[in-house]
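A lone chain, given as structure tokens: the form predicted alone.
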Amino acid sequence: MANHSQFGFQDASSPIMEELVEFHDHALMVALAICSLVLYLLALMLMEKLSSNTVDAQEVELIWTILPAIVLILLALPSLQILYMMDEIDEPDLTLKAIGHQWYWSYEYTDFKDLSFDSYMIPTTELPLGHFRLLEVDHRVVVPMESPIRIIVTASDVLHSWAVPTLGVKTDAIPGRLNQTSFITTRPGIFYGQCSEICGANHSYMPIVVESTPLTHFENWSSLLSS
């Protein structure tokens, strides 16, 4: 999760988030190159080393037409690649349904029989020592690591949004509609998120906690919970 005074992204825990972080860095380098070029040209103009007498108008028009096209290509190609990766869902090992309510989440493991639960935020007065305020829940979402997970998101009342930044997942929960996305956790751990759509008075009290475990631990957890 994020630390105090952290300016960068959280450590990526899924291949999609790794790609998003790399694209962010790539876009920043492109923006830095553009700003450097503009500042350099401004400096030349202020020092009167660059004027309409030293550069032909046709050359300038050719340059300011070609350069933006190159910049757009440099940004569009990796962006489209990530979009297709995020949209692709290939034979998931597990399907999870998340239902947003005011103000808690319900989860259903559709591949199991009678495996569902509600996930409420733990009040500050009942929070165990060392746990995170406004982020801990009474029932975590447990998933096996290194396995494709499909999550189907909907809502029962108003708009919600199921978002876990370290997994690169953010999907709107809309009443009467099913949205889906997927992720793969690359390491064991506990990943925190929150509802990212203003959904009422207690919008800030809808945390999401995803726990990634080895497959054997997930099987033991699911057998205990469904029995």
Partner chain sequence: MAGEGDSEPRKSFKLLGFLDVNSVPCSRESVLYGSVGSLVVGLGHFLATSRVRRSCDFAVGGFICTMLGYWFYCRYNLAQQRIRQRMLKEGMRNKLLFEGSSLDPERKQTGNEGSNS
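What you are looking at is a predicted structure, and each value in this text was computed from that prediction instead of being measured. Residue numbers count along the first chain shown, from 1.
A second form of this protein, the form predicted in complex with the partner chain, is not displayed here; the remarks below concern that form.
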Residue 36: touches the partner chain in the predicted complex, heavy atom cutoff 4.5 angstroms: yes
Contact test in the predicted complex: residue 59 vs the partner chain, heavy atoms, 4.5 Å: no
Touches the partner chain in the predicted complex: residue 72 (any heavy atom, 4.5 Å): no
Residue contact check: residue 146 to the partner chain in the predicted complex, 4.5 Å heavy atom: yes
Residue stretch of 171 to 179, 23 to 31, 155 to 163, 196 to 204 approaching the partner chain in the predicted complex, non-hydrogen atom distance within 4.5 Å: 23 to 31
Three-residue site 84, 91 and 126 fully in contact with the partner chain in the predicted complex at 4.5 Å by heavy atom: no
Sequence-ordered residues of 157 to 181 touching the partner chain in the predicted complex, heavy atom within 4.5 Å: none
